[in-house]
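Taking the form predicted alone, here's one chain by itself in structure tokens.
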Amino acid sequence: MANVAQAIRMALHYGEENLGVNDIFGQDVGPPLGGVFTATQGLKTTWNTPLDERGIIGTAMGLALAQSRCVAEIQFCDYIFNTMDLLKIAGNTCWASYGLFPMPMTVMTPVGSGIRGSMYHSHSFDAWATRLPGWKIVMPSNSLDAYGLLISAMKDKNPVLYLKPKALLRIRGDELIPGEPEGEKELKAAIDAPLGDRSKWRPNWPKLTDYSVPIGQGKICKVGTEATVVSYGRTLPLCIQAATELEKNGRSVEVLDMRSLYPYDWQMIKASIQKTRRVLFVNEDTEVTNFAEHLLRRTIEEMFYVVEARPRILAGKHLPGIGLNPILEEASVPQLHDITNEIQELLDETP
């Protein structure tokens, strides 16, 4: 089974070969490194840019305005903040031009904690991203969705921000990507660059197919009846694990993967809350002006007389940064025990 980084790499290869992607670029994206997380190794249209985030976004906008499909990467989302004005312009261009100037650009950037990245390599960008009208925002939690969401992003006429959870990039999926060889070693030998000299190395790509995950469509990962947990990215597998543990004690928890932060699958979320009458929103972005607060507001406005316990949010602490020490990092963002305890309290709360 492919890990998330390999899935992204295979999707980008499919984009080069079948979707008209002509440029994949960013700091260290091209050879010899192929991306700091190796997600762009072996691709034929990759090239390296200077360490200039504004230049990377500006170049992507220029290519998109010329209707040349491109994928740009900001090496870590912590360094995307100095491009906010450009991201805003990219988001409103199609709308402001009455559809005459679509922006078929995809911007990838790794987000979140989990790699001991300390203050400058552990930031989340979820809420900031959803404040950019005109952009579509996606974040996978597994390899198959990583592949399918990126295929959809590269097809889209709108700018798409593809958020890559750093903690999951080396996690292998449970489902094969269509066309992927079944053997882990076989895939690694085919598409992973060797250590050392890579000047003569060429990947042996599998015969990949057009597998898309529609942007705006969530997924029910675990069916339950007593409470709903809504998550995405790094915390989603932890929510499934917590629900599975509670199931041993006879509790039934439904877990939803948003996959797409905007547009998002409100009908899926609403239907689940109407069924279970309890909801917990989980992510690792900072708790103040967290995107889950928007979802909680809709929950209260539309289902005030439906829910039997107060809707809850479990998010990262509102801190200037995440510490390098493992204890500090784990205390800053939701961990398995935090999620399990919060779900248990939600289940135990009486109307």
Partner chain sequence: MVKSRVLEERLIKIYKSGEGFFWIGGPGQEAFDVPLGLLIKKGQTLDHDWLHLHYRSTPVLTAMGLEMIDGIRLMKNLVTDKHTHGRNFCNHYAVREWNVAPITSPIEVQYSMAIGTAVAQKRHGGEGITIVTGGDAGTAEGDFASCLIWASRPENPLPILILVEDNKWGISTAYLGQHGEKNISDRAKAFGIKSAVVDGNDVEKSWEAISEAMDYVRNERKPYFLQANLSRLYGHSSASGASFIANEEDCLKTFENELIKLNLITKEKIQKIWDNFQAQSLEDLETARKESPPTAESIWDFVYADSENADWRKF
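Residue numbers count along the first chain shown, from 1. Model, not experiment: these values are computed from the prediction.
Another form exists, predicted together with the partner chain; not displayed. Remarks below refer to it.
Taking non-hydrogen atoms only, residue 325 never approaches the partner chain to within 4.5 angstroms in the predicted complex. Contact check for residue 118: no non-hydrogen atom falls within 4.5 Å of the partner chain in the predicted complex. Although the partner is absent here, residue 252 sits far enough away that none of its heavy atoms falls within 4.5 Å of the partner chain in the predicted complex. The closest non-hydrogen atom of residue 212 lies beyond 4.5 Å of the partner chain in the predicted complex. For the candidate set 205, 76, 128, 266, a heavy atom within 4.5 Å of the partner chain in the predicted complex is found for exactly one residue, namely 266. Taking a 4.5 Å heavy atom cutoff to the partner chain in the predicted complex, the contact residue among 63, 309, 33, 303 is 63.
Not one of 224, 226 and 273 comes within 4.5 Å of the partner chain in the predicted complex, counting any heavy atom. Remark: of stretches 109-117, 134-142, 195-203, 147-155, the one touching the partner chain in the predicted complex is 134-142 (heavy atom within 4.5 Å).
Applying a 4.5 Å heavy atom cutoff to the partner chain in the predicted complex picks out 52, 54, 55, 56, 58, 59, 61, 62, 63, 65, 66, 67, 68 from 51-70, in order along the sequence.
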